[in-house]
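The data below hold one chain only, encoded as structure tokens and taken in the form predicted on its own.
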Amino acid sequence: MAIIEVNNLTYRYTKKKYALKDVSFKIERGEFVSIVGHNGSGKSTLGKLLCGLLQTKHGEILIDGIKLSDDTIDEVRQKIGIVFQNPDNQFVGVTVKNDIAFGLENRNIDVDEMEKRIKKYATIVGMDEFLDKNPENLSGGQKQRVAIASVLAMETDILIFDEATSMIDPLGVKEVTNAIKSLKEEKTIIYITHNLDETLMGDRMIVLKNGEIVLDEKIDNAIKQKDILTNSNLEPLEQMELIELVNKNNLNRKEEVEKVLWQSAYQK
């Protein structure tokens, strides 16, 4: 059974403005799915609906077989965690350690177990040496890694990253994406982004355009769908542009060149 199942989901903020229109898909346990789209495509709305921050009115969402509703929201939130694009919005503690502990305290986790989780997940994201630091003194990438550790410490089965690198510098992006890559196959991951380069971490890509799914493919097929991606206002990968140039010219060893370009994409 799929760990996430979305059936005929429609959502609108006003009577005339639809954010999502009849969206359906399934995500298997342990899968890493990138949800991609331009601004206003509905991808962040979808993320908020999946974790119950917005209320489903038309269609249904099932999380690990549980239909999301007012009656089940608390149970569902035990299974799903979300990291937003601005880590400052998630800080509540005066130290990194306090911040990671906050959600655990709310769930009445035993003190010894709490200490173990704080150390474990701070280490996973490379922030174990910063536990006594004030979050305000951290870089953007470090703050986002602490936000990830805070969500990981809750030990949910599903993690949603909503534009988790959009507000940090290139070094911070590398730090955060490396932390996320380390979770692959251990968690079910939904990675919401407008950046095609970042989708290469995943197994599968779902592309939203104006609230509708226009592409749902394994990643190696999806990134080759240039027409669909371009029509969805997404910037093609540099490798796609170069491969198109190679194919337009009668170059020797064309297949080898194309293979190297795709390999370079996945090695980022």
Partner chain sequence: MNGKIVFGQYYNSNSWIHRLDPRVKLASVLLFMICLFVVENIYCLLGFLGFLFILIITSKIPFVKFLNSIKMMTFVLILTFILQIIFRNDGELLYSFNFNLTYLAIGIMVALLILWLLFSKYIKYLKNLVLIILVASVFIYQYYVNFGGLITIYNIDIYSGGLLMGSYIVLRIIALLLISSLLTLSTTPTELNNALEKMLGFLKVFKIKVSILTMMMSIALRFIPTLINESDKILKAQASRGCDFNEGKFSERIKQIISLIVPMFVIAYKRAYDLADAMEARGYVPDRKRSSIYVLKYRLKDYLVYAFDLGLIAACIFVKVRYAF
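Residue numbers count along the first chain shown, from 1. The shown structure was predicted, so the numbers you read here are calculated from the model rather than taken from an experiment.
We do not show the form predicted together with its partner chain, though everything after this point is about it.
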*asked:* Contact with its partner chain in the predicted bound form for Asp71, defined as at least one heavy atom pair within 4.5 Å: yes or no?
replied: no
_4.5 Å heavy atom contact, Glu185 to its partner chain in the predicted bound form_ = no
*Is Phe130 a contact residue for its partner chain in the predicted bound form, using a 4.5 Å heavy atom cut-off?*
no
*Is the gap between Gly126 and its partner chain in the predicted bound form 4.5 Å or less for some heavy atom pair?*
no
*Picking from 157-165, 190-198, 114-122, 175-183, which part of the chain touches its partner chain in the predicted bound form when contact means heavy atoms within 4.5 Å?*
114-122
*Spell it out for me: taking its partner chain in the predicted bound form, does every residue among Leu53, Asn106 and Ile109 have a heavy atom no farther than 4.5 Å from it?*
yes
_Sequence-ordered residues of 59-84 touching its partner chain in the predicted bound form, heavy atom within 4.5 Å_ = Asp74, Arg77, Ile82, Phe84
